[in-house]
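For reference, the chain that follows is the form predicted alone, supplied as structure tokens.
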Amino acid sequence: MQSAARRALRTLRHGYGFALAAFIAAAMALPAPAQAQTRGGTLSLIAQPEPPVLVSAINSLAPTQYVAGKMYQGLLTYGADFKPQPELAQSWTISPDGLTYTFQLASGVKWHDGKPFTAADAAFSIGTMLPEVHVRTRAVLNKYMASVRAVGDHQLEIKLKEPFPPFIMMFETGTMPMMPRHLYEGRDYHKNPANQQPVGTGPFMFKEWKKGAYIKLVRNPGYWKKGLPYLDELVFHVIPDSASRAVAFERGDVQVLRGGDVDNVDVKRLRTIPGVDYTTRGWELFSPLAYIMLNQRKPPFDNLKVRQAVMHALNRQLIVDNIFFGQGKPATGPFASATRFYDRDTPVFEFNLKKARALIKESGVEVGRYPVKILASSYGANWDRLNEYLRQMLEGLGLKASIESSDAGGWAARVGNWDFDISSSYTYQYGDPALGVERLYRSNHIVKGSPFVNVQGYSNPKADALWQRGGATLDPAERQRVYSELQKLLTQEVANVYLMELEFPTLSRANVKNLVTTAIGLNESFDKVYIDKK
């Protein structure tokens, strides 16, 4: 059966490119034999920061996706090469015109409360709930989706208004989690009691959340993949202090550290502990890219030459080496190098202080007349040091700069409402520029209220037209031409100040197996993770 499926795979194109048909045999989704792994045990991890809610349909913060991914599932997941892999959908087809997607869903799947999961749940999730509540997903669904319907209990059909090639990349659990229709339909999504007692189809069920201390999930005995999961329990500890989190791992109180759980300065030390594994795999779909936002609505950053001067004044290699302790590499533009359609020939602003000062003079702007405040992003010590470096750099160009502190909520509110001069952040790229990058630069994403869209106020009709062409064309070669032109344009106009591609490591005890297996890494369900007790 498996060999037949593999032969089918060799003969059919599927996944990101458009194909006449795409097929994945159900046999490919079968788990590895359970007897090869050790059954039982508790895996201790960290939820940093503590998520506000455990339902990723309603909140897409990184820690929410991390915890929720063990309870909720998507129709697909993705390999490191971005090719779709079966999850709740066992096979799928895409029509030749790119407008109709048909998914064959797994049978025998049940929600944690025992109700059957059917195509009606999938149609409700994609057609009704997510277009209203999922901040990132709803923009695509509301723009491109014409209809979604259940065809029987196990087949789902989605029709698009116009071709959108990246659509097949949107079905992982953080972007399109399947939600139980019987608990949410016709009820208030945000005040639903099910938000406090999550009910998914995943391998782990919600058990207990002691705020400020831990979140506990337990094995789902009715999980639809026979013999899985291997672990009995997952415990996500809440430890506010970074140094204490490092100590907890060092002492073995927690067995896994996710990127961002500890400061970069501690990673180098912790990875040398005997019996500790280190990997940077599992971030392929996200490819986080750090950047600085300059509010282009007012002086001095409404002037292009001033923005270009800032680019030339930044020593990005120094930032990588000395501020982020070598965990990353300088960015060359708005696309991360692991993203489809990245263009390595995009011109780069080299570090050149003499040229930066000349550009300030050419701009004609008396930059000292416009004091600027750097709004701190509260991501941790590395970002605090980055802000100090930024202040020194700006003062070297003649600007008067100061730093404003904020907590996570305050930062999001002020950036989302454009109440800032300068701030820094990073974005997930989601494997395709139309999904993870476009929202930061297209004019129609200049919308108050969200910190993760075009908050800097960049607007260029030529760029808007290129985004439209890049997202709609079926021809990969044409998409490459369009996105190459966009990368050059956005970089030249300093639509944002591009800093670095962040490297998020995963540290784990060596007896924890199967931890990172796909492009969404630790956001996966953990249904095949086990602790080797030998």
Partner chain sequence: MSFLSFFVSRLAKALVVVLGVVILNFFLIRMAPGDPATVLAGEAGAGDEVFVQQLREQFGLDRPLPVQLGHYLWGVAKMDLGYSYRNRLPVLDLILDRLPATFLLMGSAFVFSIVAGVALGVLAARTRYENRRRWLDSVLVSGAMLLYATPLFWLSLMAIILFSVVLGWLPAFGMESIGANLAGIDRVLDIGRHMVLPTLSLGSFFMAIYVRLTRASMLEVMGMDFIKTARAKGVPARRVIRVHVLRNALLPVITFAGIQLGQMAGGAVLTETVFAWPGIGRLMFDALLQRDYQLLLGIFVMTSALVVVFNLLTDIVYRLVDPRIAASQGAPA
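Just so it is clear, the structure is predicted and the values come from calculations on it, not from any experiment. Numbering follows the first chain given and starts at 1. So that the term is clear: the rigid core is the largest set of C-alpha atoms that superpose within 1.5 Å between two forms.
Heads up, the form predicted in complex with its partner chain isn't pictured, but that's what we're talking about next.
>> Would you classify I239 as touching its partner chain in the predicted bound form, given a 4.5 Å non-hydrogen atom cut-off?
In response: Looking in the predicted bound form, residue contacts with its partner chain include I239, since a heavy atom lies within 4.5 Å.
> Wondering, does K462 line up within 4.5 Å of its partner chain in the predicted bound form on heavy atoms?
Replying inline: No - in the predicted bound form, heavy atoms of K462 and its partner chain never come within 4.5 Å of each other.
> Taking 4.5 angstroms as the cut-off for heavy atoms, does L474 touch its partner chain in the predicted bound form?
Replying inline: Contact with its partner chain, no.
> Just to confirm, N59 within 4.5 Å of its partner chain in the predicted bound form by heavy atoms?
Replying inline: Yes, N59 lies within 4.5 Å of its partner chain in the predicted bound form.
> Residues in which of 361-369, 79-87, 282-290, 192-200 have heavy atoms within 4.5 Å of its partner chain in the predicted bound form?
Replying inline: Looking at the partner contacts, the answer comes out as 192-200.
> For the spot marked by R136, Y214 and A243, is every residue within 4.5 Å of its partner chain in the predicted bound form through some heavy atom?
Replying inline: The answer is yes: all three residues contact the partner (heavy atom, 4.5 Å cut-off).
> So which of V247, L160, A338, A381 gets a non-hydrogen atom within 4.5 Å of its partner chain in the predicted bound form?
Replying inline: By the 4.5 Å criterion, the partner-contacting residue is V247.
>> Going by heavy atom distances of 4.5 angstroms or less, which of G275, P347, P116, G449 would be at the interface with its partner chain in the predicted bound form?
In response: Of G275, P347, P116, G449, the residue with a heavy atom within 4.5 Å of its partner chain in the predicted bound form is G449.
> Taking the rigid core as the reference frame, is the Cα of V218 displaced by 2 Å or more between the shown form and the other one?
Replying inline: The answer is no; the displacement is under 2 Å.
> Does the C-alpha of E404 move 2 Å or more between the shown form and the other one once the rigid core is lined up?
Replying inline: True for E404: a C-alpha shift of 2 Å or more.
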